[in-house]
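The chain below stands alone and is given in C-alpha coordinates; this is the form predicted alone.
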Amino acid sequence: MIEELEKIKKSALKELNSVKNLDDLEKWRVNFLGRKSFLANFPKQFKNLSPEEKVRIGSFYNQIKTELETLYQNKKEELSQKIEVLFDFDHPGSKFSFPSLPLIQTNLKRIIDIFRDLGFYVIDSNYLVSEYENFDSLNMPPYHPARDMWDTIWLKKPNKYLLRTHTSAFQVPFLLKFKPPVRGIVPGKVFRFEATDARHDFEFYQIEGISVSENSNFSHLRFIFKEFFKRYFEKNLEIRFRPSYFPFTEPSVEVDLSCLLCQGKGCLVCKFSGWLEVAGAGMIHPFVLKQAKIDPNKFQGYAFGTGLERLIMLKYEINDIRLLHSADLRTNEI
(Lines give C-alpha, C1' and ligand atoms only; values in the text may rest on other atoms or scores of the structure.)
Protein backbone atom coordinates (compact mmCIF):
# COMPACT_ATOMS: atom_id res chain seq x y z
CA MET A 1 0.00 0.00 0.00
CA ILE A 2 2.94 2.28 0.70
CA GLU A 3 4.21 1.55 -2.80
CA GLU A 4 0.83 2.63 -4.21
CA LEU A 5 1.00 5.91 -2.27
CA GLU A 6 4.55 6.58 -3.49
CA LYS A 7 3.45 5.87 -7.06
CA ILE A 8 0.53 8.33 -6.74
CA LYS A 9 2.86 10.98 -5.29
CA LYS A 10 5.37 10.53 -8.11
CA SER A 11 2.64 10.80 -10.76
CA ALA A 12 1.16 13.91 -9.07
CA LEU A 13 4.55 15.68 -8.96
CA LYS A 14 5.20 14.89 -12.60
CA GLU A 15 1.84 16.25 -13.78
CA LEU A 16 2.09 19.30 -11.54
CA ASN A 17 5.28 20.37 -13.35
CA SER A 18 3.35 20.55 -16.61
CA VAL A 19 0.51 22.72 -15.22
CA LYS A 20 0.61 26.18 -16.88
CA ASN A 21 -2.65 27.85 -15.83
CA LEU A 22 -5.40 27.77 -13.22
CA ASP A 23 -7.69 25.62 -15.34
CA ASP A 24 -5.04 22.90 -15.61
CA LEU A 25 -4.38 23.18 -11.89
CA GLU A 26 -8.04 22.65 -11.08
CA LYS A 27 -8.06 19.47 -13.18
CA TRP A 28 -4.95 18.31 -11.32
CA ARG A 29 -6.66 18.92 -7.95
CA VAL A 30 -9.77 16.99 -8.95
CA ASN A 31 -7.62 14.12 -10.21
CA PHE A 32 -5.36 13.75 -7.15
CA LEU A 33 -7.22 15.43 -4.26
CA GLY A 34 -10.88 15.37 -5.33
CA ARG A 35 -13.55 13.35 -3.57
CA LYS A 36 -13.37 10.59 -6.22
CA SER A 37 -9.56 10.49 -6.32
CA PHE A 38 -7.39 7.57 -5.17
CA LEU A 39 -6.25 9.45 -2.06
CA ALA A 40 -9.79 10.35 -1.03
CA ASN A 41 -10.87 6.69 -1.16
CA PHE A 42 -7.64 5.16 0.16
CA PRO A 43 -8.72 5.09 3.90
CA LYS A 44 -11.47 2.61 3.01
CA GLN A 45 -8.73 -0.05 2.76
CA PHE A 46 -7.74 0.43 6.42
CA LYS A 47 -10.51 -1.85 7.77
CA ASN A 48 -8.58 -5.01 6.95
CA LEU A 49 -5.26 -3.84 8.44
CA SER A 50 -3.84 -4.60 11.85
CA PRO A 51 -3.58 -1.78 14.40
CA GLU A 52 0.18 -1.48 13.86
CA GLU A 53 -0.22 -1.26 10.06
CA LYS A 54 -3.00 1.29 10.39
CA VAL A 55 -0.67 3.53 12.38
CA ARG A 56 2.27 3.11 10.01
CA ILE A 57 0.40 3.34 6.72
CA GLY A 58 -2.02 5.98 8.01
CA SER A 59 0.88 8.24 9.02
CA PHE A 60 2.47 7.92 5.58
CA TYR A 61 -0.90 8.56 3.89
CA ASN A 62 -1.43 11.77 5.88
CA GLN A 63 2.09 12.91 5.00
CA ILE A 64 1.52 12.35 1.27
CA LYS A 65 -1.89 14.07 1.31
CA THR A 66 -0.60 17.10 3.27
CA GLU A 67 2.37 17.46 0.93
CA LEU A 68 0.18 17.44 -2.20
CA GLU A 69 -2.29 19.92 -0.68
CA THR A 70 0.61 22.27 0.16
CA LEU A 71 1.99 21.95 -3.37
CA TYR A 72 -1.47 22.76 -4.75
CA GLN A 73 -1.83 25.97 -2.68
CA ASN A 74 1.67 27.17 -3.61
CA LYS A 75 1.05 26.55 -7.30
CA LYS A 76 -2.31 28.33 -7.13
CA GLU A 77 -0.73 31.47 -5.59
CA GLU A 78 2.02 31.39 -8.19
CA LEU A 79 -0.38 31.22 -11.12
CA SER A 80 -2.72 33.85 -9.63
CA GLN A 81 0.10 36.39 -9.40
CA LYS A 82 1.41 35.68 -12.87
CA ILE A 83 0.24 38.25 -15.43
CA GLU A 84 0.42 37.26 -19.02
CA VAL A 85 0.47 40.19 -21.46
CA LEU A 86 0.20 39.58 -25.16
CA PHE A 87 0.57 42.31 -27.79
CA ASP A 88 -0.79 42.06 -31.28
CA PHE A 89 0.64 45.06 -33.09
CA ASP A 90 -1.35 44.31 -36.24
CA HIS A 91 -4.74 44.37 -34.51
CA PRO A 92 -6.46 47.80 -34.45
CA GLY A 93 -7.78 47.31 -30.91
CA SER A 94 -11.10 48.29 -29.40
CA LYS A 95 -12.45 51.80 -29.81
CA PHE A 96 -13.08 53.89 -26.74
CA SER A 97 -14.24 57.44 -26.28
CA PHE A 98 -13.18 60.09 -23.80
CA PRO A 99 -15.94 61.50 -21.60
CA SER A 100 -17.12 64.90 -22.84
CA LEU A 101 -17.29 68.02 -20.74
CA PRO A 102 -20.72 69.16 -19.51
CA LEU A 103 -22.69 71.30 -21.97
CA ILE A 104 -22.35 74.30 -19.67
CA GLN A 105 -18.56 74.16 -19.73
CA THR A 106 -18.19 73.53 -23.45
CA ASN A 107 -20.60 76.34 -24.35
CA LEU A 108 -19.07 78.74 -21.83
CA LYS A 109 -15.68 78.16 -23.42
CA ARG A 110 -17.15 78.74 -26.88
CA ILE A 111 -18.79 82.01 -25.79
CA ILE A 112 -15.59 83.24 -24.14
CA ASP A 113 -13.67 82.51 -27.36
CA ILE A 114 -16.22 84.48 -29.41
CA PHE A 115 -16.02 87.54 -27.18
CA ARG A 116 -12.23 87.39 -27.14
CA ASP A 117 -12.30 87.52 -30.94
CA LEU A 118 -14.54 90.60 -30.63
CA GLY A 119 -11.96 92.36 -28.45
CA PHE A 120 -13.29 91.73 -24.92
CA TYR A 121 -11.19 90.94 -21.88
CA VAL A 122 -12.32 87.96 -19.80
CA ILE A 123 -12.49 88.90 -16.13
CA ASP A 124 -12.82 86.50 -13.21
CA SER A 125 -14.93 87.73 -10.32
CA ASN A 126 -16.05 86.87 -6.80
CA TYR A 127 -19.20 84.90 -6.06
CA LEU A 128 -19.31 86.50 -2.62
CA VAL A 129 -19.86 90.27 -2.89
CA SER A 130 -20.75 93.15 -0.62
CA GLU A 131 -24.12 94.87 -0.44
CA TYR A 132 -22.46 97.93 -1.98
CA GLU A 133 -21.22 95.99 -5.02
CA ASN A 134 -24.45 94.11 -5.61
CA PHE A 135 -26.88 97.00 -4.97
CA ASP A 136 -25.66 100.44 -3.88
CA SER A 137 -23.00 100.92 -6.57
CA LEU A 138 -25.59 100.00 -9.20
CA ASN A 139 -28.03 102.76 -8.28
CA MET A 140 -30.12 100.56 -5.97
CA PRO A 141 -30.13 102.12 -2.46
CA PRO A 142 -31.83 100.25 0.43
CA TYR A 143 -35.24 101.79 -0.30
CA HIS A 144 -35.19 100.93 -4.02
CA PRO A 145 -38.04 98.53 -5.03
CA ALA A 146 -35.76 96.68 -7.48
CA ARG A 147 -34.03 95.12 -4.47
CA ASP A 148 -37.10 93.05 -3.70
CA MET A 149 -36.63 90.74 -6.69
CA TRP A 150 -32.94 90.26 -5.85
CA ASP A 151 -33.10 90.01 -2.05
CA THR A 152 -31.36 86.67 -1.83
CA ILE A 153 -28.82 84.57 0.11
CA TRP A 154 -27.20 86.73 2.78
CA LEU A 155 -24.32 85.71 5.04
CA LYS A 156 -24.32 86.18 8.80
CA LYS A 157 -20.57 86.81 8.70
CA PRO A 158 -19.14 88.93 7.26
CA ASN A 159 -22.00 91.34 7.72
CA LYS A 160 -23.72 92.83 4.61
CA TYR A 161 -22.26 90.24 2.26
CA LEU A 162 -24.26 87.95 0.00
CA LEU A 163 -23.96 85.52 -2.88
CA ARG A 164 -24.19 87.74 -5.94
CA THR A 165 -27.54 87.85 -7.68
CA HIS A 166 -26.12 89.12 -10.99
CA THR A 167 -22.73 89.50 -12.62
CA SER A 168 -23.43 93.24 -12.81
CA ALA A 169 -22.10 93.31 -9.24
CA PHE A 170 -18.63 93.39 -10.79
CA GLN A 171 -19.25 96.40 -13.03
CA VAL A 172 -17.82 98.99 -10.65
CA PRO A 173 -14.87 96.84 -9.43
CA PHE A 174 -14.08 96.08 -13.08
CA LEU A 175 -14.09 99.73 -14.09
CA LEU A 176 -12.07 100.73 -11.03
CA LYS A 177 -9.37 98.25 -12.00
CA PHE A 178 -9.36 98.80 -15.77
CA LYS A 179 -9.70 102.41 -16.81
CA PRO A 180 -11.34 103.33 -20.13
CA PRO A 181 -11.20 102.72 -22.97
CA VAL A 182 -11.94 99.12 -22.00
CA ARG A 183 -14.15 96.18 -22.98
CA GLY A 184 -14.66 93.02 -20.98
CA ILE A 185 -16.97 90.19 -20.07
CA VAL A 186 -17.60 88.74 -16.62
CA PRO A 187 -18.87 85.14 -16.87
CA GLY A 188 -19.93 83.21 -13.80
CA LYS A 189 -22.62 81.74 -11.61
CA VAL A 190 -25.24 83.82 -9.81
CA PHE A 191 -27.70 82.91 -7.05
CA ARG A 192 -31.31 83.97 -6.57
CA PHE A 193 -34.07 83.01 -4.17
CA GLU A 194 -36.39 81.57 -6.82
CA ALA A 195 -38.72 78.60 -7.15
CA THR A 196 -37.20 75.91 -9.35
CA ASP A 197 -39.09 74.85 -12.45
CA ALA A 198 -38.41 73.98 -16.09
CA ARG A 199 -37.22 77.52 -16.90
CA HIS A 200 -35.89 78.80 -13.56
CA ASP A 201 -33.29 77.70 -11.03
CA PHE A 202 -31.88 79.23 -7.86
CA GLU A 203 -28.37 79.16 -9.39
CA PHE A 204 -27.38 79.68 -13.00
CA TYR A 205 -24.70 81.24 -15.20
CA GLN A 206 -24.69 84.79 -16.50
CA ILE A 207 -22.37 86.55 -18.93
CA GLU A 208 -21.94 90.26 -18.27
CA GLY A 209 -20.45 92.51 -20.95
CA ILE A 210 -19.07 96.02 -20.44
CA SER A 211 -17.64 98.57 -22.84
CA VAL A 212 -16.61 102.09 -21.80
CA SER A 213 -14.92 104.64 -24.04
CA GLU A 214 -15.51 108.10 -25.43
CA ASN A 215 -17.85 106.79 -28.14
CA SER A 216 -19.34 103.43 -27.00
CA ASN A 217 -22.96 103.53 -28.14
CA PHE A 218 -26.07 101.56 -29.12
CA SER A 219 -24.88 100.93 -32.65
CA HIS A 220 -21.76 99.22 -31.26
CA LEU A 221 -23.92 97.22 -28.86
CA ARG A 222 -26.22 96.09 -31.66
CA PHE A 223 -23.26 94.97 -33.76
CA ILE A 224 -21.79 92.98 -30.85
CA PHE A 225 -25.09 91.17 -30.28
CA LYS A 226 -25.66 90.44 -33.95
CA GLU A 227 -22.13 89.13 -34.46
CA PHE A 228 -22.14 87.10 -31.26
CA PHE A 229 -25.45 85.35 -32.02
CA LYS A 230 -24.37 84.71 -35.61
CA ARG A 231 -21.21 82.93 -34.41
CA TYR A 232 -22.77 81.11 -31.48
CA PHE A 233 -25.86 79.78 -33.27
CA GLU A 234 -23.97 79.50 -36.58
CA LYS A 235 -26.68 81.23 -38.59
CA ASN A 236 -27.87 84.74 -39.37
CA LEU A 237 -30.55 85.85 -36.91
CA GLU A 238 -32.47 89.07 -36.54
CA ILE A 239 -32.29 90.94 -33.24
CA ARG A 240 -34.66 93.49 -31.73
CA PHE A 241 -34.20 96.11 -29.00
CA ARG A 242 -37.30 96.64 -26.86
CA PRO A 243 -37.49 99.47 -24.27
CA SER A 244 -37.17 98.30 -20.66
CA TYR A 245 -35.88 99.42 -17.27
CA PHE A 246 -32.80 98.58 -15.20
CA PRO A 247 -31.56 100.83 -12.37
CA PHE A 248 -27.96 100.71 -13.60
CA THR A 249 -28.54 101.51 -17.29
CA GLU A 250 -30.28 104.41 -18.98
CA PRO A 251 -31.76 103.97 -21.53
CA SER A 252 -32.37 100.24 -21.06
CA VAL A 253 -33.54 97.57 -23.49
CA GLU A 254 -34.57 93.93 -23.61
CA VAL A 255 -32.84 92.10 -26.44
CA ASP A 256 -35.02 89.75 -28.49
CA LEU A 257 -33.81 87.17 -30.99
CA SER A 258 -35.81 85.88 -33.93
CA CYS A 259 -37.16 82.46 -32.93
CA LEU A 260 -34.76 79.68 -33.93
CA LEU A 261 -37.49 77.07 -34.06
CA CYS A 262 -39.98 78.77 -36.37
CA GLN A 263 -37.62 81.27 -38.07
CA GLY A 264 -39.77 84.15 -36.84
CA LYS A 265 -43.06 82.78 -38.19
CA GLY A 266 -44.59 82.16 -34.77
CA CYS A 267 -44.84 79.00 -32.64
CA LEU A 268 -45.68 77.84 -29.12
CA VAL A 269 -42.13 78.43 -27.88
CA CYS A 270 -42.13 82.12 -28.88
CA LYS A 271 -45.87 82.44 -28.08
CA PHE A 272 -46.53 83.16 -31.76
CA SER A 273 -44.61 86.45 -31.58
CA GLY A 274 -41.66 85.26 -33.67
CA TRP A 275 -39.25 86.60 -31.01
CA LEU A 276 -37.43 85.20 -27.97
CA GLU A 277 -36.08 87.32 -25.12
CA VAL A 278 -32.41 86.46 -24.58
CA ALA A 279 -30.67 89.38 -22.85
CA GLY A 280 -30.94 92.72 -21.10
CA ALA A 281 -28.76 95.71 -21.97
CA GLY A 282 -28.43 99.48 -21.99
CA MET A 283 -26.13 102.47 -21.69
CA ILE A 284 -24.35 102.49 -18.33
CA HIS A 285 -26.02 104.93 -15.94
CA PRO A 286 -23.92 108.05 -15.13
CA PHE A 287 -24.31 107.18 -11.42
CA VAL A 288 -22.47 103.87 -11.99
CA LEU A 289 -19.70 105.61 -13.91
CA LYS A 290 -19.25 108.05 -11.04
CA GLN A 291 -18.98 105.15 -8.57
CA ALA A 292 -16.10 103.87 -10.70
CA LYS A 293 -14.49 107.35 -10.62
CA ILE A 294 -15.13 107.85 -14.36
CA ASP A 295 -16.26 111.23 -15.67
CA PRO A 296 -19.66 110.66 -17.38
CA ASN A 297 -19.20 113.89 -19.33
CA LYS A 298 -16.12 112.45 -21.01
CA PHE A 299 -16.84 108.72 -21.20
CA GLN A 300 -19.89 106.62 -21.89
CA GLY A 301 -20.48 102.90 -22.12
CA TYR A 302 -22.89 100.06 -22.60
CA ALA A 303 -23.50 96.92 -20.55
CA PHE A 304 -25.38 93.71 -21.28
CA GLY A 305 -26.18 90.46 -19.56
CA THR A 306 -27.46 87.13 -20.80
CA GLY A 307 -28.11 83.73 -19.26
CA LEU A 308 -25.86 80.92 -20.43
CA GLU A 309 -28.40 78.16 -19.76
CA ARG A 310 -31.06 80.01 -21.79
CA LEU A 311 -28.76 80.14 -24.80
CA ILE A 312 -27.91 76.43 -24.44
CA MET A 313 -31.58 75.50 -24.18
CA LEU A 314 -32.32 77.39 -27.39
CA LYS A 315 -29.35 75.97 -29.28
CA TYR A 316 -29.95 72.33 -28.33
CA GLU A 317 -33.75 72.50 -27.95
CA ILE A 318 -33.67 71.50 -24.28
CA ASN A 319 -36.99 72.10 -22.53
CA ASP A 320 -35.89 71.89 -18.87
CA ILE A 321 -33.05 73.90 -17.31
CA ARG A 322 -32.70 71.32 -14.54
CA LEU A 323 -31.26 68.82 -17.01
CA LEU A 324 -28.19 71.02 -17.39
CA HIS A 325 -27.51 70.92 -13.64
CA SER A 326 -28.25 67.23 -13.12
CA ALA A 327 -25.81 64.33 -12.88
CA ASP A 328 -27.32 62.62 -15.94
CA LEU A 329 -24.35 62.12 -18.27
CA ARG A 330 -26.66 61.66 -21.28
CA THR A 331 -27.07 65.44 -21.35
CA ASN A 332 -23.41 65.73 -22.40
CA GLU A 333 -23.99 63.55 -25.47
CA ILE A 334 -26.36 66.03 -27.17
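Numbering starts at 1 and runs along the sequence shown. All values reported here derive from a predicted model rather than from experimental measurement.
Although not depicted, the form predicted together with a small molecule is the subject of the following passage.
Stretch-level contact analysis of 304 to 312, 55 to 63, 286 to 294, 27 to 35 against the small molecule in the model of the complex, using heavy atoms and a 4.5 Å limit, identifies 304 to 312. Although the partner is absent from the chain shown here, 168, 192 and 248 each have a heavy atom within 4.5 Å of the small molecule in the model of the complex. Checking 206, 130, 216, 258 against the small molecule in the model of the complex, a heavy atom within 4.5 Å turns up for just one residue: 206. The partner is absent here, but in the model of the complex a heavy atom of 150, alone among 150, 115, 225, 72, sits within 4.5 Å of the small molecule.
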